[in-house]
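Form predicted alone, single chain, as structure tokens, below.
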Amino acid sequence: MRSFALVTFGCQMNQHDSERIEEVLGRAGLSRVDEPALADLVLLNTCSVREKAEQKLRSEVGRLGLLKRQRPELLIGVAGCVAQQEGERLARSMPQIDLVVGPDNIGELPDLLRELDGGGPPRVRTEFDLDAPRFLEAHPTDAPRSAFVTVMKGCNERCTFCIVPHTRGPERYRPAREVIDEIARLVAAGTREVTLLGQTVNSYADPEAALGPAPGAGELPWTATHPSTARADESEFAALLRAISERVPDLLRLRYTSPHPRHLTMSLIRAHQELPVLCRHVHLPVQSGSDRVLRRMLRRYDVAEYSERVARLRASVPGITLSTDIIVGFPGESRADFEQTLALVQRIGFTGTFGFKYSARPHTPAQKLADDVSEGDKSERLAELFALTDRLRRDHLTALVGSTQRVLVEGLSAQGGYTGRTEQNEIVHFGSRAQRVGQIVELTIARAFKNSLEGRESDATLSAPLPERRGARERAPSARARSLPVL
């Protein structure tokens, strides 16, 4: 076996797993090709958070099955959350599949492929590493400008709509020293920005107990949260952020996703206030603006608690922006419940929203609830949500025209020139006659598009005009155009 093609569905965690899969297979001597028709192995890395992702998998396997009729030696593998969810059932229901491997078994891929190469039967490996958690590390020679680093996996929350505890298992945390070492290697290889990953990333606790308490730990200023509950919300995530900032001083920017609102503690808010490396943007899933629906979702906070913590974060970090996840049409959601969600979105003023229609997932408690919101109502509510969030985003971007923003340049723009992001996560396109990839540049915002900005360098001798966009459709930073968030 000489080559593989890798197709990724889903969230940032899946993207990160795909990067590690590529490294594992590369070290085993395989080279990656872009076209499945040219590969000896096609591996589909899957997501099961939404029903559509599973449907995509089944369609893709069907197409690959036609290719396999022409090339019987082609191996088809399925990795990720659908692999973990379905296991043996997936292999039985789709005989085209040769390999099913869960997220915790990625490191076993070379051995599994050798067995298949030797004529072995289809293999299924979907075992959680509960006793000795393993975290695949990046060993880059030419690292990306922005990179993902996993700090924990699994989830101890029991949100009634979410399949993640079933497909990723309970929470397991990576030692802080390993996280810091990997970030240091990435930065030495050229990475400028790191995003820390975890299903509930801010519940982090160092399994080696090597982190001391962070400033603000134990502070309980909340009026909407009972003190005993607030104490249980504390974690060591803020201490980890401070350790990264201290020990990897050449890292330019640090982000994380996805936090749980109940772990937005004072220690984390103070980290945002005091650490220059920490970006002024937080993705904070709310899911609904109705307390009744939040209780049915088992989200473990109410609207007052969420709003109070956001207000404290904004008071401590002026200009910070927030994005969120929202599910419409959850079982039992009335029109009044949905209007409360719209009111919360308006009040908070999210600059980005990932919106989804509820779909029942296997192995979730909500599957037992009557899905009593019609598909038509779900579609109408989602359209209303997007109409509101599009207006909020447009107003936010328009208000930035004339301001000066620090932009980390990620690469070349599809329309010409460069593209990058501000600390607040706005996308900025600009032209320059200088080499800018990987740098932080100060740009004056010249105009706002629907989902991004145009910037200009202050030095007129370096600045260059962007090509006219001529009706080019922007890819919106919402659920309609970007990958799923980590829930």
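Keep in mind it's a predicted model, so treat the numbers as computed, not measured. Numbers for residues come from their place in the sequence shown, where the first is 1.
Below: the form predicted in complex with S-adenosyl-L-homocysteine, not depicted.
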**Prompt:** With the partner left out here, if you bring back S-adenosyl-L-homocysteine in the model of the complex, are 9, 15 and 77 all within 4.5 Å of it by some heavy atom?
**Reply:** no
**Fill in**
Interface check vs S-adenosyl-L-homocysteine in the model of the complex: of 287, 150, 203, 353, the one with a heavy atom inside 4.5 Å is 287
**Item:** Interface residue in the model of the complex among 214, 164, 254, 294, criterion: non-hydrogen atom within 4.5 angstroms of S-adenosyl-L-homocysteine
**Value:** 164
**Request:** Specify the contacting stretch among 155-163, 389-397, 116-124, 345-353, defined as having any heavy atom within 4.5 Å of S-adenosyl-L-homocysteine in the model of the complex.
**Result:** 155-163
**Message:** Under a 4.5 Å heavy atom criterion, is residue 41 part of the interface with S-adenosyl-L-homocysteine in the model of the complex?
**Reply:** no
**Item:** residue 146 within 4.5 Å of S-adenosyl-L-homocysteine in the model of the complex, heavy atoms
**Value:** no
**Request:** Evaluate residue 49 for contact with S-adenosyl-L-homocysteine in the model of the complex, applying a 4.5 angstroms cut-off between non-hydrogen atoms, and reply yes or no.
**Result:** yes
**Prompt:** At the 4.5 Å heavy atom threshold, is residue 327 in contact with S-adenosyl-L-homocysteine in the model of the complex?
**Reply:** yes
**Fill in**
Contacts from 353-387 to S-adenosyl-L-homocysteine in the model of the complex (any heavy atom within 4.5 Å), listed N to C, are 356, 357, 358, 359, 361
